[in-house]
Each structure stands twice: as structure tokens, then as C-alpha cells.
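Below you'll find only one chain, the form predicted alone, shown as C-alpha cells.
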């Protein structure tokens, strides 16, 4: 799970967090649109609350001599209606009533519907059947006709109209919340809550509800304006607010025949409804984002098909090179919450044809972000490439057109991801997903592509490949899914394979088999390999050269044999000390003390210095360059530089 330290954009539900009210308020205030919506609502609410104290005309007083007066008429700022009643007074008093009805109706229907949806989804079986069949019965009737029937049975009044609106909207909330809860109830954090002995009621209240609350808030906020309109429709039919009581719906309905002769009579209440709906929706979006921090990390952002590139990106000099892949001074960063997280900071390395190169380091060291940057797969927003150059077969990939990158991705450069269960489409069969990439890049027909998919499954060691090609990802074991990932990566005979910790989630035996398969197939195709891992043992088994990464930078590079036998950076030494050795059962494995630094607040000089027992003052004095310590072996360490200078003297 390497990447930018502190940057997390989870797509799966997470255990309910309990943020402080100050944290929620800060997240809300970061949204300019939410603040604008709140300001608009505050103005509206202030006006309606101050209505009894404002110098307004009586909203029900008629003046036939001044009927349908135009806006800005003396004494009537917004004009008058067909009975000469002041529109400004009526719209303020009408907004007061309509806003109250809309908010109360949305709140009660969301509370009732959400409770029904959560309970039905959590308990399932008989409870789910009973609750949801009742909801289905309500939804079987056209909701406006059902509302009309309820009001007709109870009698015309604004209270009865509001009750009808609440009843007919409960099913929509119940359905939406049940759908969100069903996907959560089998989550691991719910199982963990049960293991802690929590009651069902407590699990629903503290674990499920906070996770579905954003759905409820958004649905309720978007329903306020609609419920105002529904109440308006009932008022128009004489089943809601009774004349001469002013409400926006009644005003809008009574003015519909005046559109041609006095459009302002309908425009004024219509504009009031529009402003209320916009304000409530904007505030609802802001509250949703504040309650769910995942969404503030980009969960709802439209992710670009290619990583954003800084317009002022510095381009390093490119010396002549015969390397298949050349990465120079790469800098990739994430911008979130007003901060910049430097996930990859001045990374340079090369990969030659047929060579296996390892990127190793703790989680958060920047390995995955480096790999994703190669083909512009870092999510934007919030990520962007801030500097450097990436050349593949001499072609510059940073800033390349999307069409050019799409021809390279999955074709000349293939990827194997860490968890194939999340990268394979759960609704497509294995054969469809393999043949998809074959058809895209080789132009084969459906039959030929499926036949090649079966052949690829056989090559990667899947038993009964024809049958497995018709299986879905969840029907395969972890090792089989990882072999499917290998088949997809190898489908178009790539020149470069990027493998991002593809064996981390596997048991030791399956891990060894997948590694052997990958090495065998790579040599068969003559492909180069960039292998990402935090396991030095795996790197030693598979790679020719290795780059040790820490806090977004490479701290040591060289041939695997040289780095493992003569490590020159204290971080590499400590990583090797954590690797168990066969035949040394009593050898103590000492973990590295402390934690890697957050990449938005890197310490000066060597980022490893705060955790290093060999650190001296010079380690924090400034930037430390890579120093050659042997043939094709270099390290970024002050002590290494001092030792070389002493040897030269």
C-alpha cells in the first residue's frame, strides 16, 4: 500500500469516525459553494423571521384599484397581484410558511424512511421482506395521486397536505438508505463491532448511520425544494393552504393564468422557490462533505484520464541513453486541504530492455506513486506531476496526448496491481476482461480474442482454463486471481511490466509460485520489469538492480548483490536487519524505530535522520546528493560521502 504518506482516497466504506464539531465546521467552511449557499439561506431565513417586525403591508389586504401593478411601483417594490395585494409582503410571509413546510416534511420523511431502510437492510430476511414490501405497496401508487387521496380523506388543510407529502416521500428515502446499508452490513468493521460485544442498536447508531448519513443529507436537501413544489401543487388544487393564507405554491398556482399579462406575479414566488432550492442544495453538499471526510479527499471529484502536469514543470537535461525507460528528476505531488504532499521528490532511475528493477521501501515511501506516474495514472485531482521527465523508448510520456498514452497503457507498458479482487470488474467474467485488452490493442474479433484469453489462462497455470474463463472474479481464489492479473498484463507481449506488490496478500507458497510464473513469462517475452515491494527477500529473488526509497526519494541504488552485501545507507541496513534469515532462528529482528515523516512536512536534509542512530548535525544541514560508493552503486548519505573523502585523502 505504498504511496504518498497521509494521502488516502478510499473508495470502500470505512469504520465510522467521530470527528469533532470544530473539524466538521472547518471542512464545511473550506467549500466556497457551501458557504455561498449558507449565506443565501441565512438571508432568506433572516427575512422570514423578521417579517413581523418589518414595515410590510398586510399580505391579505386587497386593493383592486392597484391590481397587477408593475415592480418598482410607489409603495409596492415588487408590484401587486391580481387582487392588488403587495407581492413583497406576500412572498416574505409565503416563504416563511413554505420553507417551514418543506423543511419539516423533508426532515420527518428522511428520518422515518432512513430508519426503515437501515433496519430492513441490517436485520434482513423477514424484517427486510415485511418493511420493503410495505414500501413497495406505497410506491405502487403514483405519489401525487396518493397524496391527493390522503388529503381528500383527511380534509383540505396545510397540515394534512404536509402529512401527505411526508407519507409519499418515505419510500424514496427507505429505498435509497437500504441500498447504501446493504453494501455496508457485511463489512469488516461491522463484524469487528459485533466482536466487541456491541448491541444491534448501538451498531446501527454508531457504525451504520454515520456511513449512510451523507446519502440522507443529500437526498433530504434536494427534496426540500421538491416538497415545496408538491405542497404548492396541493395548494393550487385547493387542498393545501386555504385562501387568503399566502404560501409560495398557492401564489404560483394562482398566477399561472397571468403569465402573458403580468409575468412578475408568477416570477416573484417562482424565484423565491428557486433561491431556496439552490441554497438548500449547496448547504446539503457542504454538510455531506463535512460529515464524510473521504469526499473532501476527492471521492466525488471527476478524475482525469491522465495525470495533471504543472504548467511550469522544470525539464531536466536528458543525456543520451539506450534505456527502455528513463525517469529523470521526477516530482509528483498531491494537493489537498491547502497543503502539498510531495509523494515523489527528485526520483531518477533507468530500466534497460529485459532487466528487472526493484523499488523497495516502507509503506508511504512513494513506490506506487512513482510507478503510476510512468503512464500518467496518478489520480488528478488531487495528484499532479510537478517536475521531471519520463521517457519510454525515447518518447516523452509526461504531457503526452491521451491517445498516445492509451496506445501504450496495457500494450507496451502493462501493470499488475496489488489486489486483483478490487482491480478486476466484478460484473464481467475472467475471459471477457482478458479478451477486452486483446481486442483493444490487437484488433481481434470476439471469438479470436476469447480463444487467446483461454490460451493465456493456460500459460499462467490456470487449471481448466475454458471453464475458468466463464467464471467471475469472486469465484476464484487469491492466487488464481493474481494469475489472471498476470495473464492480462502479458496479453499483448509488453516491453515493460510494472508489478505493484502483486504477491503481498498471498500465502508464502502461492507467492513463490506467482513470482516464479512472472519471472518465467517475463523471460519468455523478453520484457523488462519494475517490481515494487517492501520485502528485500523478494527483491533479491527477482531483480537485477534495486532502488531503495524513503519519504519519496531514492536513498540507495545499485546491483542487487552489491546493495544486499554492502549496503551504504543506514536505512538500507535497517531494512536488511528486518529480514529473517534461514538457519538463524535466534537472531533478533529489530524494527526501525519511529515512523516515516509526512511528506507535507519533510525534515531538512536527510528525511531518515530523525530515525537514524548514526545521524549527525550535517545530516540536517541541507540537501544531500547521491554519492557513488562503487560501480553502479550510489547512496544519499553524509557518512558515505565523508568516508569516501577520508579514503581519497
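Residue numbers count along the first chain shown, from 1. Computed from a predicted model, the values in this text were never measured in an experiment.
The same protein also exists as the form predicted in complex with a small molecule; that form is not shown, yet it is the one meant from here on.
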Which pick from 501, 355, 207, 285 sits with a heavy atom within 4.5 Å of the small molecule in the model of the complex? 501
Answer key: of 249, 366, 485, 171, within 4.5 Å of the small molecule in the model of the complex (heavy atoms) is 366
Could you tell me which stretch in 368-376, 450-458, 215-223, 268-276 has residues with non-hydrogen atoms within 4.5 Å of the small molecule in the model of the complex? 368-376
So in the model of the complex, is the small molecule close enough to residue 165 to count as touching (4.5 Å, heavy atoms)? no
Quick one: does residue 382 come within 4.5 Å of the small molecule in the model of the complex, counting heavy atoms only? yes
If we define contact as a non-hydrogen atom of the residue within 4.5 angstroms of the partner, is residue 346 a contact of the small molecule in the model of the complex? no
Contact flag, residue 531 vs the small molecule in the model of the complex, heavy atom cut 4.5 Å: no
